[in-house]
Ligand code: ADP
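The chain that follows stands alone, in the form predicted alone, written as structure tokens.
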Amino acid sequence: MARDSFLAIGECMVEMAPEADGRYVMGFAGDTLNTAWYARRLLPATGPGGWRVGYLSAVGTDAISNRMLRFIEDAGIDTAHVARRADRSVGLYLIELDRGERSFAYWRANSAARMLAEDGAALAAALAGARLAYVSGITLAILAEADRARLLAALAEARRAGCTVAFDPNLRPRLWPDSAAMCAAVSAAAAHADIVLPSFEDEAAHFGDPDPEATARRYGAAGARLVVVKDGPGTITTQADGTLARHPAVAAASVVDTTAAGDSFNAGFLAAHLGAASLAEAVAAGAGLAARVIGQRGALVEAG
């Protein structure tokens, strides 16, 4: 391919986000789509170092699915690997805010994205041109067990061919039968990842890690060469090729809505990392973007 390819894999949903006056505004978002959206704004699109940012998913053939695809395409994200399903539509979530912290209600049982890994040949074709593939624990959670195994096998093959695999565990216990199943699936996926981007609060709750260093070491032991442990507004811990380091957080001027804080951090970090920034510079880029994003409402904002 003429340009390097950043391929995000997962589910975009209809987002109903609250406004200050109590109304809800419809948009489109989802953890891996959020990261792709910010990455498209950060990575150069043309020139010798140009990047193609693509999305691998599935949507319906109805009007709202068409509108979602137009939104993704208008953001400059390639949709060549978004499958169309006449028998399904897209999922929806609603955000509730309490002093900047968010909770969600979901309607996604019949989401087309649950079938995104049904076709092994399509997975292989999408990953064949990718320099970096990005996937999350939510992507894993929405898939049937056989499809999850198919996705991991495709990622392993792409990795052998030279693709870097980045993985955010993004632990969401409500999407899994139980915590044990979630942790087993996340651990299996981590074994296929080069870069792991966990959030310490979630890891401590479900894996029992006593501190961010323990989280970094555990994912390093699973095979990741680079682990970046986010800790809300706290210090960011990294492990690169076995070496632990701590990096200062970037304080937000104000916290309005923490939706997509981790997703935007991941985009800022990965874009800087792919641009040959130092580890410290890449962490600062991710933290700086996240600090700006949480100062506004919604998952996708023009953060400057």
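The first residue of the sequence shown is number 1, and the count goes up from there. Since the model is a prediction, treat every value here as computed from it, not as a measurement.
If you look for the form predicted together with this ligand, you will not find it shown, but the lines that follow are about it.
Peer 1: Looking in the predicted complex, is this ligand within 4.5 angstroms of a heavy atom from every one of Met13, Phe28 and Leu69?
Peer 2: Not a single listed residue reaches this ligand in the predicted complex, so no.
Peer 1: Determine which one of 255-263, 52-60, 36-44, 270-278 lies within 4.5 Å of this ligand in the predicted complex, judging by heavy atom distances; exactly one does.
Peer 2: In the other structure, the partner sits against 255-263.
Peer 1: Going by heavy atom distances of 4.5 angstroms or less, which of Asp78, Asp209, Asp147, Asp231 would be at the interface with this ligand in the predicted complex?
Peer 2: In short, Asp231.
Peer 1: Does this ligand come within 4.5 Å of any heavy atom of Ser199 in the predicted complex?
Peer 2: Looking in the predicted complex, residue contacts with this ligand include Ser199, since a heavy atom lies within 4.5 Å.
Peer 1: Check Ile9 for me: does it contact this ligand in the predicted complex (non-hydrogen atoms, 4.5 angstroms)?
Peer 2: Looking in the predicted complex, residue contacts with this ligand do not include Ile9, since no heavy atom lies within 4.5 Å.
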